[in-house]
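Quick heads-up: it's one chain on its own, the form predicted alone, in structure tokens.
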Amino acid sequence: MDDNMKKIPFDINYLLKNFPTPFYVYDERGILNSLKKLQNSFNWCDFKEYFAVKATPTPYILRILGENGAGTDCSSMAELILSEKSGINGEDILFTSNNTPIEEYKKAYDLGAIINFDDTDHIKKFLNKIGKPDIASIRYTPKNAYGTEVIGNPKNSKFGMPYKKVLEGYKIMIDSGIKRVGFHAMLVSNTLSTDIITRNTQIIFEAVKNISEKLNIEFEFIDIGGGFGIPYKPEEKELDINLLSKNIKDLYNYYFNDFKPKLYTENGRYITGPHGYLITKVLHIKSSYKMYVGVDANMANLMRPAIYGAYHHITVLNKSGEYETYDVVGSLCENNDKFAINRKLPKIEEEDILIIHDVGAHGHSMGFNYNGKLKSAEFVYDGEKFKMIRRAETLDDYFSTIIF
């Protein structure tokens, strides 16, 4: 077993000497390389990636993505404002939300965002209370899709509309005078299978083609969603993005001869996931029914292993060989506060530094304050130096909303 199969692409000694653990650090060049790889793969069409803000809602990262041709996929008031403050406006924002407060729709409308509707009632309320959006789409959830183990059975999904309601929604939009329309679906999450994404894209394209013919609509864009996965385990292979693009191009050319819609994706994990690292220090080694490594990070810093059973690779800084089996745990009053269970790692001692890999998406953003734990700082490495892009929370922050 080789604990060095995943590596961190920079020296973190400067950060360790000057800042307390735990903290997050991101590789800026890695993030931009992932974006460019996606863009280059789909350069055969009018393509745009709308980065899923929920994955890494950090203005510095949103800004560099925007400067390199990405838009933002937003689903809340805070995400809309984050985009605005990061210099992203207008149709570079796609607002796709469910159970949406009218004031959030209004903010998206004021920003000139693409409005993606989740229900026909939302369309009616929007038209009645706000007005007519310049461009809008509808989220489609078919009865069946492929590779739904993570995202769930479409029939149990709170997101989107079945085919008949989608048809009804587009009729409402057309009758209201909305001229520019797109189509949206999000059918899978974190898959490395080109076949699964291709099959789901075919479901989407077929629906677009049928609705276009029934209602005489030329869709301006098709958003096939995100869900492009990353290899969390060292032995997993990367998604073959070039093969996937070829498969989708073949489908696109088959279904769309009369009009050529733009093609959008809304990935988060694929762009930032592999390029984020959670750095944490070992506080205690506990021998009980098994061996526990207690670190200063906890589930409040990274909750994916606890709530999903998700695997995140862990390396021990400057150590290899002489393996032992550990549970790597935090300090919360919850027994699922664990980063790894029965993980073979080089023999660990107090004060060792652990690197938890692939936390660049749905890591810091899913943090919380249970047990009064505070959110950690975030840094980015731009190829030359480290920059703090979010300071650590303090107890003053924690208490600031409380009325004693």
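Note that residue numbering follows the sequence shown and begins at 1. None of the values given here were measured: they were computed from a predicted structure.
The form predicted in complex with another copy of the chain is left out here; the points below concern that form.
If you check another copy of the chain in the predicted complex, you find no heavy atom from any of D27, G71 and I248 within 4.5 Å.
Interface membership of K319, defined by any non-hydrogen atom within 4.5 Å of another copy of the chain in the predicted complex, is ruled out.
In the predicted complex, S157 approaches another copy of the chain with a heavy atom inside 4.5 Å. Another copy of the chain is not drawn, but in the predicted complex it has no heavy atom within 4.5 Å of H357. Interface residue remark: E349 is not counted as part of the site for another copy of the chain in the predicted complex, having no heavy atom within 4.5 Å. This chain is displayed alone, yet in the predicted complex one of K179, K290, K237, K214 has a heavy atom within 4.5 Å of another copy of the chain; that residue is K290.
Only one of the listed residues (T198, S331, N253, N210) places a non-hydrogen atom within 4.5 angstroms of another copy of the chain in the predicted complex, and that residue is S331. Here the chain stands by itself, but in the predicted complex one stretch of 309-317, 171-179, 135-143, 218-226, 135-143, has heavy atoms within 4.5 Å of another copy of the chain. Although another copy of the chain is not shown here, in the predicted complex the stretch 78-93 places heavy atoms of A78, E79, I81, L82, K85 within 4.5 Å of it, in sequence order.
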